[in-house]
Ligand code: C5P
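What follows is a single chain, given as structure tokens, in the form predicted on its own.
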Amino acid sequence: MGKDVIIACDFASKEACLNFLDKFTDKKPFVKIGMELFYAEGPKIVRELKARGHKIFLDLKLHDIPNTVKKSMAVLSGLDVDMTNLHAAGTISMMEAAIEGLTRPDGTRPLLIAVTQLTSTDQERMENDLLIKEPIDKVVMHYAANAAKAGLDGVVCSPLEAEKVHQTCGKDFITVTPGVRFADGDIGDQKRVMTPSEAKKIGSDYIVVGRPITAAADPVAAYTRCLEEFVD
């Protein structure tokens, strides 16, 4: 499995997203469609970006009762996305139901990964807001192990946790890591961050990069820099 950089297309409209992607004349980056863009434009934006040749990570973070998630994943499987996700906090039974719904009649399905703890969450917030008193590292590894037990392909985790996730769940268990910033950049509202080159060293399989690319003066150059630091 090759490493790749996924651009977080966190735009409020199809127009803004396409204007951004039109800058990439020589490459078709792997892109993430999150809630903002999907809720604004619906499934048609997924179909349009697929038609343009982009791989798509549909980042909707499903979390509901198992039957609802199963039926929702069955709908998403028809969009031909390459990767989608849910919250590991939804329990093993929910994750198992998600795989069942996501799997097409021919046995194929997109990659399915689980969110462990959001990169905006730190130990203090987890304890005070969620009443989870265990160390955040232990919580993330427990959620990752549950995802592996349920048959998922990997997890979304902080790059600070990617190496230990592989130690816990195996080297083929995918780690998709947001919270990546350039060494000379602003960390924004992320609490647990790492540079692309650092993420490469500790074994992240995919990094998700948003504002350091989308808000850059030269997005193509920023994307190329990410590739050079993380993939090459």
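The numbering used is simple: start at 1 and walk along the sequence shown. Small disclaimer: the values here were computed from a predicted structure and weren't measured. Between two forms, the rigid core is defined as the largest C-alpha subset superposing within 1.5 Å.
Another form exists, predicted together with this ligand; not displayed. Remarks below refer to it.
Asker: Where, among 22-30, 174-182, 38-46, 62-70, do residues come within 4.5 Å of this ligand in the predicted complex by heavy atom distance?
Answerer: Within 4.5 Å of the partner lies stretch 174-182.
Asker: Answer yes if any heavy atom of Thr84 is within 4.5 Å of a heavy atom of this ligand in the predicted complex; otherwise answer no.
Answerer: No, Thr84 sits far enough from this ligand in the predicted complex that none of its heavy atoms falls within 4.5 Å.
Asker: Contact between Val209 and this ligand in the predicted complex at 4.5 Å, heavy atoms?
Answerer: Residue-level check for Val209: yes, a contact with this ligand.
Asker: Report whether the minimum heavy atom distance between Val156 and this ligand in the predicted complex is within 4.5 Å.
Answerer: Because a heavy atom of Val156 falls inside 4.5 Å of this ligand in the predicted complex, the answer is yes.
Asker: Heavy atoms within 4.5 Å of this ligand in the predicted complex: does Val5 have any?
Answerer: Output for Val5 is no: heavy atoms all beyond 4.5 Å of this ligand.
Asker: Going through 99-126 from first to last, which residues have a non-hydrogen atom within 4.5 Å of this ligand in the predicted complex?
Answerer: The one in contact is Thr119.
Asker: Spell out whether the Cα of Thr91 moves at least 2 Å between the shown form and the other one when the two forms are superposed on their rigid core.
Answerer: Where the cores coincide, Thr91 shows only a C-alpha shift between the shown form and the other one that is less than 2 Å.
Asker: With both forms fitted on the core, give yes or no for whether the Cα of Thr119 moves by 2 angstroms or more between the shown form and the other one.
Answerer: The answer is yes; the displacement is at least 2 Å.
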